[in-house]
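Below you will find one chain, with nothing else, as C-alpha cells; this is the form predicted on its own, and questions on how it binds or moves follow later.
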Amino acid sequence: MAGLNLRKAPAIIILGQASLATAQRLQQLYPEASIHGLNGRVAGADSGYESFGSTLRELYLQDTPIIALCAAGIVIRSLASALSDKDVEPPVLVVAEDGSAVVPLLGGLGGVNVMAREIGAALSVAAAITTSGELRFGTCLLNPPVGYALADLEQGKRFVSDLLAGQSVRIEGDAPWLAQAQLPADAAAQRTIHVGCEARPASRDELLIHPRSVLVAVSAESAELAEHVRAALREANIAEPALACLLASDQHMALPGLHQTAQQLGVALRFAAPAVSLAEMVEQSVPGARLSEHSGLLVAVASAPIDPAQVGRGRGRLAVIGLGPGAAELMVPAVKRELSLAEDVLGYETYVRMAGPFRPDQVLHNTDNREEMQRARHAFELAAQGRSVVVVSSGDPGVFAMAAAVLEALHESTDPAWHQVDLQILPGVSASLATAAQAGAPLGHDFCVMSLSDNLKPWSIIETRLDLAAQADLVLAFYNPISKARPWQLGVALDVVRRHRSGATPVVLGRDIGRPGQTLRVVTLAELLPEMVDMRTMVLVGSSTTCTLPRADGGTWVYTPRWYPARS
C-alpha cells in the first residue's frame, strides 16, 4: 500500500489491452484504485468508458487522482479546457503502457510528485520530476509527508519563492524529513520553518508546519461534537490541522455520530477497550502523551506525529459480497473495491479463486461449500478484532447464499463485539438474472425464484410452493435443480408445473453463464428432460405469456411481455 494520503482513490485510465498488466501492477500499489478501460478495446477492467476526453475531464472536476497509461499529449489536450486553480487540483500523471516512464503533469500541491516517486519505485523507473522546489531542496515544503500538515498554503508559496530567490532559513522544532532536505540553512536566517502543534499567528517570515501529534478522546456522540472538538483545541491553543485522530470506547463503536464527526474533521476514528477512566484509556493508547481537559474533552499531545493505525483499533468491517455469475466484467465496482481493501477473504474455495487475484498480504480462508455457518462465525470473529473481512458468494449474496447465513450467525450471537462490526451486504448479478439477460427478457414480468434443494427444507414444502407458483402463472427460476443426491426431484417438479402450463411453454437452460464454456439453450416444456440439466444449470420456465422470436445469429430470443391479457 502506498504511503501517500490521497483524498480519493485514484482512477487508472487505459486505452488498450496492452496497458492492462501495468494498470494491475499500479492497482496493487493503490488497492482502492479502479481501472477504467475503453469499451470495445479493453477486457478485464473494473469499468468501461466511451470517451477518453470527457471521462478525464469528469474525473478531474470530481477531484479524482488520475493515472493515465498513454501519451502525455492526449491527456494535456483532453484536460486543457478544464484546468482550474492549481491549489486544489488533483494529481494527474501519465505512465507509459509498458511502465517504462512516469511523468507527473498536474497536482504538485496535491502530492503528484510523491505519487510519481511511489509509482516509479514500484515499476523500477525514475520519475520525471520537474518541480523547481523539489529539484532544488529535495522535498516539497508545500506538501509535507504523512504525519505533517501545512498551516497556510498561500503563505507557503511566498515563503518557498523567497527561498528559491536566495533567502536562507532556520528550522524550529523537530521534523526528521526536513533534516534530510537540501535547504539553505543558516542559524541566523530571518526566514523560519516552525514545526509545532500550537496555534500561531501568521507571519510573512515563517512557514508553519503542524505535526499531527494530537488526539482527542470523546465519550459519546452529540449533534455538535465536531464543534466541541474544535472548541477544545482552541482552548488548548492547538491548531486544528495538528489533530491526528479521535479516540472512543469500543462500546460506542457503532454510534453513527462519532463516525460523522471524524468525517467532518477529516481524521481517523479509533477505539479502545474502556478503562477505569478516560485518561487511563488515552494513556494506554498514546503512552507518554501530555493530557489536558478542555470543553469536557480530553486532549492528548504526543511528542511525535501519531500514526492512527497504531492507536487502539478501527471498527471491524465485514462485507458479504456477490461475485456475479463469474465473468469479471459482471462484478460490480463496489465489490471489486471491497475485495481490494480486504485483509481476510472467506468462502468456498471455488468462489474465492474466482474473486482473485489477491495481494500476498491478504489472508484467504477456503472452506467447504457446506460449512456456511462456521464460515459466517469465523468472519465475525475476525471482524470483531478490527479487521476488514470479506465473505464471498457467487451470484448475489442474498439469493440462496451467504448473506442469510451471516445474518443468522449475528442473530444467534450474544457477543457485543459481533454486533459492533460494520456489516455491509453488497449485491451481485444472480444466476437467474445473468441467464435471463443472455436469453433476452424471460423475467420481464412477475416471476418466482425457488431452490429445488431439500437440504434445508422438506420436499413437501417445495412441491406445495411450486404448485401454487405455477398455478399463479409466474415465470419460474429454479436454483439447485438436480444433483447426484437428488436425481428424481426435477422430474417431479416438472410434472407439477405441467399441470398448469402448456407443452409449448418456453424454457431457458443456462449452464455456467458468465464463465468459460457457458451454454444457453431454449427448449419447450414438453421437450425438457431432467437429463438436460445438472447442478450448474439455471432453469427458467416461462409463463403463459412468455414469447420467443428468432435471432439473426440463428438463436432464439425469449421474453415475457410487461402487459398481461385482460380476463373476461
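Numbering starts at 1 and runs along the sequence shown. Keep in mind that this is a model prediction, so the values were computed, not measured.
Although it is not shown, the form predicted together with S-adenosyl-L-homocysteine (SAH) is what the next lines describe.
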S-adenosyl-L-homocysteine (SAH) contact at residue 431 in the predicted complex, heavy atom, 4.5 Å:
yes
Contact with S-adenosyl-L-homocysteine (SAH) in the predicted complex for residue 438, defined as at least one heavy atom pair within 4.5 Å: yes or no?
no
Using a 4.5 Å heavy atom cut-off, state whether residue 395 contacts S-adenosyl-L-homocysteine (SAH) in the predicted complex.
yes
In the predicted complex, does residue 515 come within 4.5 Å of S-adenosyl-L-homocysteine (SAH), counting heavy atoms only?
yes
Within 4.5 Å of S-adenosyl-L-homocysteine (SAH) in the predicted complex, heavy atom basis, the matching stretch of 133-141, 150-158, 471-479, 89-97 is 471-479
From the list 447, 348, 400, 271, which entry has a heavy atom within 4.5 Å of S-adenosyl-L-homocysteine (SAH) in the predicted complex?
400
Which of 57, 41, 536, 500 has a heavy atom within 4.5 Å of S-adenosyl-L-homocysteine (SAH) in the predicted complex?
536
